[in-house]
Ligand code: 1CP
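The chain below stands alone, shown as structure tokens; this is the form predicted on its own.
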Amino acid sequence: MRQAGRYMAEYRELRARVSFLDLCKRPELATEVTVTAAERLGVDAAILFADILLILEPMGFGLEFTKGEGPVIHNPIRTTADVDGIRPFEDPAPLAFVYQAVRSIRSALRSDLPLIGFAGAPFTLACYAIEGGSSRHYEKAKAFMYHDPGAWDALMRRFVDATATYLNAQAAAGAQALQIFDSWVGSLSPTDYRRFVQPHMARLFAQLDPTVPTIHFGTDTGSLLELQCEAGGTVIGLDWRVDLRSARQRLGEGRAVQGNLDPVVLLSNQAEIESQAQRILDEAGGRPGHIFNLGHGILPTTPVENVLSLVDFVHNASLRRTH
């Protein structure tokens, strides 16, 4: 996850010339960083370079990425009237630059290298839209959810419909799998997830192209895995806080999993990286339906050499296991 990023010199050089939003909105540049990262790392799939918040702009939110502070929403949701004022995203055209990038990346990649598209999950989008940016405790978003469940459900329905339109357009442009990031949903209890999120996620997965595999990922979701599984997704993404073996037992035989090396391990030495990777492979047990991945995105301070060696190690260890 987050293949292209500040840990790569090629990406830093490009970002020195253009802003983050410009990089997202110029298909030729999104293609360059996506393809460069996938080919440099030697991974088994490429990940579209974009951002989960791009969908907010055509829905009427003022989005800015400020240096050192991350995303800022200049007109956050505060009232039911604000929810009513959100523009519907029924026509995918306002994000045409994303689909152009998908087509361009798909044509530039090797034919046997899949391309993964992605979007933010409705809960995480709602949190950003209400908080006005990043948050530690999500108190504004959760207070809104508790105080006015009707307005919350209306907001979630709008984000579900918009996200389904957006992801299906990515698939139509050539994305061969779709990952949904629920980065902040781990802040909820299972009871609140079941009440405020699960029905909306189920409706989202029901609207997606059934021929395209989907990855349902959240962070800090060890208490929510069964509920996420019920909501949908071909694959359940696991962060590093859960044991992969026990997670597979909880999810059942019919569900694939993705994960789940702690990204900070990549800041250590070769021996520790290999030891931790081997532990995860051992937990997977050689059974089909495991995508080795990090438990979240690569950190900006990660030495690129460590990522390359991890990819090589996992490939070689997996080959040894199958022969």
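Just count from 1 along the sequence shown to find any residue number. Because the structure is predicted, anything quoted here is derived from the model rather than measured.
Heads up, the form predicted together with coproporphyrinogen I isn't pictured, but that's what we're talking about next.
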Contact with coproporphyrinogen I in the predicted complex, heavy atom within 4.5 Å, among Glu283, Asp51, Asp44, Glu272 goes to Asp51
Students should find that, of Thr214, Ser187, Ser183, Thr163, the residue having a non-hydrogen atom no more than 4.5 angstroms from coproporphyrinogen I in the predicted complex is Ser183
Exercise for the section: Although coproporphyrinogen I is absent from this view, report whether Pro71 comes within 4.5 Å of it in the predicted complex, heavy atoms only. Expected result: yes
inquiry  = Against coproporphyrinogen I in the predicted complex, would Phe123 count as a contact residue? Criterion: heavy atoms within 4.5 Å.
reply    = no
Consider Tyr128 of the chain shown here, and say whether it contacts coproporphyrinogen I in the predicted complex, taking contact as heavy atoms within 4.5 Å. yes
message = With the partner left out here, check for me: in the predicted complex, does some heavy atom of Ser134 sit within 4.5 Å of coproporphyrinogen I?
response = yes
Answer among 220 to 228, 175 to 183, 243 to 251, 80 to 88 for heavy atoms within 4.5 Å of coproporphyrinogen I in the predicted complex: the stretch 175 to 183
Residues in 9 to 32 that come within 4.5 Å of coproporphyrinogen I in the predicted complex by at least one heavy atom, in order, are Tyr11, Arg15, Phe20
